[in-house]
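One chain comes next, on its own, written out as structure tokens in the form predicted alone.
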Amino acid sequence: MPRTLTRKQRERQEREARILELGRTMLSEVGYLGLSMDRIAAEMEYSKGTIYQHFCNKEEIILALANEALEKRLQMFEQAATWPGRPRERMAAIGAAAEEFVEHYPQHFAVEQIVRSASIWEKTSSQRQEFMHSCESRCLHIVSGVVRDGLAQGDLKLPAGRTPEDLVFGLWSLNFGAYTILTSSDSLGDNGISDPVLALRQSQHRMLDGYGWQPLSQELDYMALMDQVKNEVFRDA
């Protein structure tokens, strides 16, 4: 049975959740330089020492926020990977999950980008660093598992010397690069990119068509499938 928390433990959890909530808001409004332990303490009407009981510096707050993001994304990937269908359909479902994550949690994605800076990373605890690596690895394991299912079922055959992880890295690079641009640029429309999400979807499926992963995109409407996943699996996101 789960252990019942004491009142003091519940209050600590609630206080920590409030610190993270404020940290997320401040990052969004004033950025990394504007975020400070002093401002959080003043907003919460606590002493700065109380805030330091939870987090040793603001970088630790940022990494905790990034880990919240990765944990949420992991949950969404796990949901999407159970989509009924052939492996490539399940891969499309995971793509829909990645899309849904950025659309509904843009602040989470921005925080994840910030924490990857070496100047921030080196000031954080090994415990939270290891948690981030674990969530990231588990996400990649889910995706590479779908690739392996495609190989096992004969829907996919990789070129000699290529591994499932090579294919996954290609998809990851497309997604991360596209969403980095998407969440940081407001001039895409001015440069002729009217629907960047559709462009990303098409690029992903052309890549998988290039691998010969069945069913090919001319045989199955993956765009409609991804919309269906978003409406059915993540309707309440």
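Don't overthink the numbering: it's just position in the shown sequence, from 1. None of these values were measured; they are calculated from a predicted model.
If you look for the form predicted in complex with a further copy of the same chain, you will not find it shown, but the lines that follow are about it.
Heavy atoms within 4.5 Å of a further copy of the same chain in the predicted complex map, among the stretches 82-90, 68-76, 98-106, 155-163, onto 155-163 alone.
In the predicted complex, Gly192 approaches a further copy of the same chain with a heavy atom inside 4.5 Å.
At least one heavy atom of Ser119 is located within 4.5 Å of a further copy of the same chain in the predicted complex.
Residue contact check for Ser187: one or more of its heavy atoms lie within 4.5 Å of a further copy of the same chain in the predicted complex.
Leu140 belongs to the set of residues with a heavy atom inside 4.5 Å of a further copy of the same chain in the predicted complex. Residues from 205-220 that approach a further copy of the same chain in the predicted complex with a non-hydrogen atom closer than or equal to 4.5 Å are Arg206, Met207, Asp209, Gly210, Tyr211, in the order they occur in the chain.
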